[in-house]
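In structure tokens, one chain follows: the form predicted alone.
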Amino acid sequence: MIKLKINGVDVSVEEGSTVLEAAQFLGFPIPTLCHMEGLTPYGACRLCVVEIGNPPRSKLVSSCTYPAEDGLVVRTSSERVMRARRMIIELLLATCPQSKIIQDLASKFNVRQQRFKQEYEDCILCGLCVRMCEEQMMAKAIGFRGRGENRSIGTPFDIKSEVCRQCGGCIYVCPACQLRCTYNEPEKAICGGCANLAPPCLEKENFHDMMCYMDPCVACEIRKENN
């Protein structure tokens, strides 16, 4: 068994586990768009970033691809981690603002502005559809092509695939296709129509490196009722 510490809690996990799996075992919520159980970890969206090691020599890594190691110290919601996640959400909003899933993430993490050039694309290159097609549907009908800003997903040479069974698995897992947000005014990238109240416990100084086990938080729900 591998022994590590997550948010000050000692945990033992099986060898071969990732930091994300270890955190989920304890119930610590870590957001992710490109990770799905049953598919190979890819680490594309970077939302699952966590801080490992002790400051000032700590570093940020993607928890879905980083292996759990003996003696590893992990913080899933430190100040540094939360800043990085908000920045990533801003970049995702710049790419695909009409994704309901991305809009919900913006609300949950209190992202109220988007400072990057708006693209209004339909793909965030998370690779879920490619892995679903290859690993679960055993088709390999689609894949990545090109590099850098020209990187995209499609069939080889844009020719209709003969192995595609029109199963819809790629659409089912796509965070840009599952639900579309109808609030798409060009000058306002962030909808805010379904904004969540920020949990008050995260504002307390003693909780910079800790996130509530429960989602929704019981304390937050009680506070709502009292108001």
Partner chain sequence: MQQVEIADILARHGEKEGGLISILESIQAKYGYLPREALEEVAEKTGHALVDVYGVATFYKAFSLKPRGKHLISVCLGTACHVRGGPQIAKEVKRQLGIRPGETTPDKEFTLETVNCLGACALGPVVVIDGHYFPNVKTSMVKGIIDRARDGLDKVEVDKDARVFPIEVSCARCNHSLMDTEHKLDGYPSVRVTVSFGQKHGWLELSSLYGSYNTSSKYEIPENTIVNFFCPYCNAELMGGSLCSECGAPMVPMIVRGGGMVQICSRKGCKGHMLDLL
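Positions refer to the first chain, counted from 1. Bear in mind the structure is a predicted one, so any value in this text is a computation, not a measurement.
Form predicted in complex with the partner chain: not shown, discussed below.
Although the partner is absent here, residue 81 is not a contact residue: none of its heavy atoms lies within 4.5 angstroms of the partner chain in the predicted bound form. Among residues of the shown chain, residue 156 is one whose heavy atoms approach the partner chain to within 4.5 Å in the predicted bound form. Contact check for residue 151: a heavy atom falls within 4.5 Å of the partner chain in the predicted bound form. Heavy atoms of residue 144 reach within 4.5 Å of the partner chain in the predicted bound form, making it an interface residue.
With the partner omitted here, the residue from 100, 140, 108, 86 that has a non-hydrogen atom within 4.5 angstroms of the partner chain in the predicted bound form is 140. Segments offered: 157-165, 64-72, 33-41, 49-57. Contacting the partner chain in the predicted bound form at heavy atom distances within 4.5 Å is 157-165.
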